[in-house]
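Form predicted alone, single chain, as C-alpha cells, below.
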C-alpha cells in the first residue's frame, strides 16, 4: 500500500462511495486509511489536510457505531483547527466531540471537550468562551458531578472579569457556592460567597453586596466562617467610610486565600469614593420613601 497520504485519502474516499460494482461502503477500511493519512499529514506539518483526514476518520468511526473513537478524532481535528486559528471550526469540532461523548454516556469528557474549546477562545472570542464554559458546567450539573465543575465556574468568572462584567462574574461565584453546598465543600462555598461580595464592592454596588451577604448568611456554614467575618468587616468599613479598614481587610490572610483574580481586585478596594457610594445609597432610600 502506498504511504502517500494524498493517495490514501483518494482511495478511502472511493471506498465510501457506492458504484455499480460497489453496493456497500467499506467504512472500516476507509477509516483506517483516513487515520493513517492524518498521521502522515501531521508528520509533514500539513495541518489543514490532517484536519480534513481526521474529520473523515471521525465520520468513519460514527458509521461503525464507535462514538468514543469518533469523538477522539474530532478533538484532534479541533486541536489542529486551533493551531490554524480557524476559530469557528474549533467550536464546531469540540461541540461535536462533546455530543459524541454524551452519546457514550460520558459526562466528564463531554464537559472537558467544551472546556478545551472555551480555553482556546478566551482571548479571541470571549463571549463564545463564556457560553462554552456555561454549557460545560451544565453537563456536569445534570450528571450530578457538581464538584468537577468548580474550575469551570472560576474560569468563566475570570473571563467575565477580563470583560469588566463584574456582576456576571459574581453570579458564577454564587453558582460555585451552590455547587459546593451540594458537595459539602464548605471551604470552597464560603470562599465563593466572599468572592462574589468583593466583586459587587469592586463594581461600586454596596447594596447588592449587602444583599448578597445577608442571603449567604442564611447558610449556617457561611455565617460561622472566617470569610463571613471578613465580608462583615468590609461592609461595615464601607458604611463607615473607613478606607484604612477596607484596605486592611483586603490584605488579610482570609482574602489572600481566595482566587488570584479576586485577590487582585480586592487589593484595589475601595475603587471609588466611599462617601459617594454612601450618598448614592441614601439617595436611593429617599426615593423609595417618596413612593
Partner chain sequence: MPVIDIIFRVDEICKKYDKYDVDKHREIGTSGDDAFSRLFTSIDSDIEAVLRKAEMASTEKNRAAAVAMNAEVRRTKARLAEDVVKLQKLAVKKIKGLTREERESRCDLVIALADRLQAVPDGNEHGAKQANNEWGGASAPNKNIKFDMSEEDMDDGFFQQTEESSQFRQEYEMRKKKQDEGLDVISEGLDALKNLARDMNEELDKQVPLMEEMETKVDGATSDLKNTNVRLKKQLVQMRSSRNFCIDIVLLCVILGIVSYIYNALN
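Because the structure is a prediction, the values reported are computed rather than measured. Residue numbers count along the first chain shown, from 1.
Beyond the structure shown, there is the form predicted together with the partner chain, which is absent from this document and is the topic of what follows.
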message = Is residue 185 part of the interface with the partner chain in the model of the complex - any heavy atom within 4.5 Å?
response = yes
inquiry  = Please tell me whether any heavy atom belonging to residue 215 falls inside 4.5 Å of a heavy atom of the partner chain, as the geometry stands in the model of the complex.
reply    = no
query = Any of the heavy atoms of residue 26 lying within 4.5 Å of the partner chain in the model of the complex?
reply = no
ask   = Quick one: does residue 96 come within 4.5 Å of the partner chain in the model of the complex, counting heavy atoms only?
value = no
request  = Counting only non-hydrogen atoms, choose the one of 134-142, 207-215, 149-157, 85-93 that falls within 4.5 Å of the partner chain in the model of the complex.
outcome  = 149-157
task = Scan 162, 119, 106, 125 and let me know which has any heavy atom within 4.5 Å of the partner chain in the model of the complex.
result = 106
request  = Find the only residue in 259, 32, 226, 245 having a heavy atom within 4.5 Å of the partner chain in the model of the complex.
outcome  = 226
Sequence-ordered residues of 159-184 touching the partner chain in the model of the complex, heavy atom within 4.5 Å = none
